[in-house]
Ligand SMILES: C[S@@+](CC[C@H](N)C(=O)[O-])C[C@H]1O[C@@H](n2cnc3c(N)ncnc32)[C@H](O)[C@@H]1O
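Here we start with a single chain on its own, the form predicted on its own, put down as structure tokens.
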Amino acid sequence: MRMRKKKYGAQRLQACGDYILGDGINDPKTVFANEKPTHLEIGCGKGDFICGTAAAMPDVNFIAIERIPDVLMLAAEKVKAGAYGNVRLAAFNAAYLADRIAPHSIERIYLNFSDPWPKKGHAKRRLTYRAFLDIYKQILTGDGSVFMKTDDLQLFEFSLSELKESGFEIRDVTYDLHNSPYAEGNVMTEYERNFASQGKKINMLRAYLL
């Protein structure tokens, strides 16, 4: 369901300007003025995951992107309210990552409940399609990783296959995250909290560059 356009959205987003990335290529070392590792969330939604993870991992920098400005605004307001100095956000499509993030500067990418694009003809739009994985390789460090969560089994199986074919090593997999050893320390997204309340099983994988 499309989100209703937020009143004063542009002004509210501008008020969070200290946490918003510029339009050029952003080098995390310059953005955060430190040498800490940087993780990236693609499709941050309303920001629950990025805020919870940033709080749990203060020695890591985080960049969160979201293609819908009004949704990013809600995440930015949460980041600002929590004064998470280790988080920056930006509104753009994942297809432009290599134009916005410095090469080989990201140690981990999070894909949380991405759009499954279930029709076969839409496979190229999935964020784990090999063309996107090639983009991720451009910004990931040599030992970089992709962490993924989804309730969609078809997308999950597709992602396992694409990651392996693209030179990633799958090290951790579960088809029922909340009843697995990986549940400890798991930070839930807004979608995940809703799915969990409905008893839906969550699939999770962790893939690493070889």
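Position 1 is the first residue in the sequence shown; the rest follow in order. All values reported here derive from a predicted model rather than from experimental measurement.
What comes next is about the form predicted in complex with the ligand, which does not appear here.
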Stretch from 39-47, 157-165, 55-63, 177-185 whose residues place a heavy atom within 4.5 Å of the ligand in the predicted complex: 39-47
All of Ile68, Phe92 and Asn112 within 4.5 Å of the ligand in the predicted complex, heavy atom check: yes
Partner proximity in the predicted complex: Tyr19 to the ligand, non-hydrogen atom cutoff 4.5 Å: no
Residue contact check: Leu127 to the ligand in the predicted complex, 4.5 Å heavy atom: yes
Residues in 155-191 with any heavy atom within 4.5 Å of the ligand in the predicted complex: Thr189, Glu190, Tyr191
